[in-house]
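Form predicted alone, single chain, as structure tokens, below.
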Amino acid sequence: MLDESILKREEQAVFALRSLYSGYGYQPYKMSKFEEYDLYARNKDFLVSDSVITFTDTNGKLMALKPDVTLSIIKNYKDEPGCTQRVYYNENVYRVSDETHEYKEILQTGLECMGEIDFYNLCEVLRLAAESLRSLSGDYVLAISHMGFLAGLLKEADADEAFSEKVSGLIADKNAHEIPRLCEEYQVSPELCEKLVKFIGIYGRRDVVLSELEPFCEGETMKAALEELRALSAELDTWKDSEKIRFDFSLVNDMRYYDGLVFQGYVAGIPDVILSGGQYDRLMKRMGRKSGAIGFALYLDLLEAFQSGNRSFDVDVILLYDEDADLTLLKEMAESYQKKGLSVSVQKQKPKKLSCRQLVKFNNKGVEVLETND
């Protein structure tokens, strides 16, 4: 049996999530490290970064190390009326790191639900998103938005694509200060400008947000989105930890690819978004599919980076022993620390460059604490 105490935090998460997704009928999906570069070139705006590692294959085709998983899954998906295909994956993607600005191999876990997506499917994927966050930390938040509201407001503006893209960026950054200037530049009415500024501030408890959204709902697109959110909120009220699931309308995605629900997840102690997902029916249509789709990805590299960044010692315990030690008892002593969730390095003498919280000397009768560091 695999001892989870010796696994990295991200590896433990993969095991837990695989069990969770399999329980809902999601099937494992495995893919190649490579794809033809053309797949990413045609959809570069969908990617987190447009920097892609490329190489020429032996047959002369330009290939790429995959920077994204969803595009590969859609490429191999075939429409099947009346059915939904549920898959999950644990894959490495290759992207430029925000911290080092160098290419990095990133472990990504996620799932996709594709086909005839109805309210049940939407709720199932959101439930799995919440359960995924809970499996990482009991202290989490799942923030949900609906692209129908922003789409309705931008339809009122009757502005070009450049305005839509810029105002979406300002909303995502919660930058209300710059919206009036942008609206003036694109000759958007003061009334609509005021709505856009107020829109940024709509987030928090679901019941409060729903009441704040009502004055915005003038078009059919927004009215339909509001009804969907009301039904969703009623369902969420029946869930465990439902107070941790909130509505946040500063959350937007690219409307060329996403429509409907979009969401992001956070866990305590990690300042970045660790889960991101949404409905991407428009991306499916762009790639020639008739079906709808919703899914999400978890960025598990953040777990290990956070754990490393906050660990003040290389290991919790250095366990020293000598030539006379009973190796069976020594092994049992090391395992007793590991079962408590502590990392332990068994050594004959303390390495100069290995720091520890506690230095312990083992003998056949027990242990002697030589040094404790806080």
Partner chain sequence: MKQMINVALPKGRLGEKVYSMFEAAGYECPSIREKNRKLIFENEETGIRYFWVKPSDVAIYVERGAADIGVAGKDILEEYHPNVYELLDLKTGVCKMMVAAKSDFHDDHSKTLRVATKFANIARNYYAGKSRDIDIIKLNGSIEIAPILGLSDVIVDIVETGTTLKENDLVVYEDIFPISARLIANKSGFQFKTEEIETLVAALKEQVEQS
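All values reported here derive from a predicted model rather than from experimental measurement. Residue numbers count along the first chain shown, from 1.
One more form of this protein, predicted together with its partner chain, exists but is not displayed; see below.
Novice: In the predicted complex, which of the listed residues (184, 191, 218, 139) lies with a heavy atom within 4.5 Å of its partner chain?
Specialist: Only one option qualifies, and that one is 139.
Novice: May I ask you to choose, among 235, 131, 248, 241, the residue with a heavy atom within 4.5 Å of its partner chain in the predicted complex?
Specialist: Checked against the cut-off, the match is 248.
Novice: Is the gap between residue 78 and its partner chain in the predicted complex 4.5 Å or less for some heavy atom pair?
Specialist: Result no; residue 78 lies far from its partner chain in the predicted complex.
Novice: Closest heavy atom of residue 135 to its partner chain in the predicted complex, within 4.5 Å or not?
Specialist: Answer no; every heavy atom of residue 135 is more than 4.5 Å from its partner chain in the predicted complex.
Novice: Is residue 271 near its partner chain? Define near as a heavy atom within 4.5 Å, in the predicted complex.
Specialist: Yes.
Novice: Report yes if any heavy atom of residue 227 sits within 4.5 Å of a heavy atom of its partner chain in the predicted complex; otherwise report no.
Specialist: No - in the predicted complex, heavy atoms of residue 227 and its partner chain never come within 4.5 Å of each other.
Novice: Residues in which of 260-268, 278-286, 147-155, 110-118 have heavy atoms within 4.5 Å of its partner chain in the predicted complex?
Specialist: Of the stretches listed, the one contacting the partner is 260-268.
Novice: Using a 4.5 Å cut-off on heavy atoms, which residues of 171-198 contact its partner chain in the predicted complex?
Specialist: 172, 173, 174, 175, 177, 178, 181 sit within 4.5 Å of the partner.
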